[in-house]
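The form predicted alone is given below as one chain in structure tokens.
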């Protein structure tokens, strides 16, 4: 069995002295793994950095087998931000979240195109990339079945003055709706309601906390999985 698809590198792990196990998010075949040989080749090593765009050729006797990859570079996105530690950490964190949360061999065009768009933003030089990153995380959460409802207050049904999110339901809440329970609610950054607003440092931390809370509650903890260390490092860069 053989197929070819464009894809985005998620990660690679050593298999033996001569090969890696490469994991790629492909547009046509979803998240897929395969052996790739030539680990001592500098060319191969530079192509398979997480976040890079490739043309992946997979072959195996059966679809259920690990199979093997041969690859060609399309765009070495990661090389554009090698000296920008925050953006590189965000790219690594995004690759880890996609790798952990998506089921194998289930194509999802929205996830693929959203992930590629995020990579383009991270490598574009735009100053507001972290805002795009947080919005991307919330979109990924929705695509895996755990979307938040930030359209109106869960208590009053009002669509204005949304300032909190309920940790139990993932729904937005106004100051009035929060009442005496505001200390138990999660802060909702204004830029998630109004995209024209530039986030402050506190807004960024609140946004990262918001998506992290629901990723952990609804996916990582029920599956006994650890939250990606690269994502922890990303938030740590803003807390310092």
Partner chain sequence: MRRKYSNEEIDKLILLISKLPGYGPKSASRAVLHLLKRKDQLMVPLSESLLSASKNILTCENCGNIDLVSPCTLCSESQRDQSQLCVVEDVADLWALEKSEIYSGTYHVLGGTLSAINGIGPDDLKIRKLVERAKAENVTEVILALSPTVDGQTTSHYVADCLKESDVIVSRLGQGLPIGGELDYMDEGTLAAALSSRQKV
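Positions refer to the first chain, counted from 1. Quick caveat: nothing in here was measured; it's all calculated off a predicted structure.
Same protein, other form: the form predicted together with its partner chain, not shown, and the subject of what follows.
Note on the partner interface in the model of the complex: the residue among 147, 107, 167, 76 having a heavy atom within 4.5 angstroms of its partner chain is 76. The single contact residue among 37, 182, 45, 27, judged by any heavy atom lying within 4.5 Å of its partner chain in the model of the complex, is 45.
Here the chain stands alone, but in the model of the complex its contact with its partner chain, taken as any heavy atom within 4.5 Å, falls in 48-56 among 63-71, 48-56, 190-198, 204-212. With a 4.5 Å cutoff on heavy atoms, residue 142 does not count as touching its partner chain in the model of the complex; it lies far away.
The closest heavy atom approach of residue 80 to its partner chain in the model of the complex falls within 4.5 Å. Interface residue remark: residue 233 is counted as part of the site for its partner chain in the model of the complex, having a heavy atom within 4.5 Å. Its partner chain is not drawn, but in the model of the complex it has a heavy atom within 4.5 Å of residue 12. Candidate site formed by 117, 124 and 126: none of these residues places a non-hydrogen atom within 4.5 angstroms of its partner chain in the model of the complex. Counting a residue when any of its non-hydrogen atoms is within 4.5 Å of its partner chain in the model of the complex, the one hit in 16-32 is 17.
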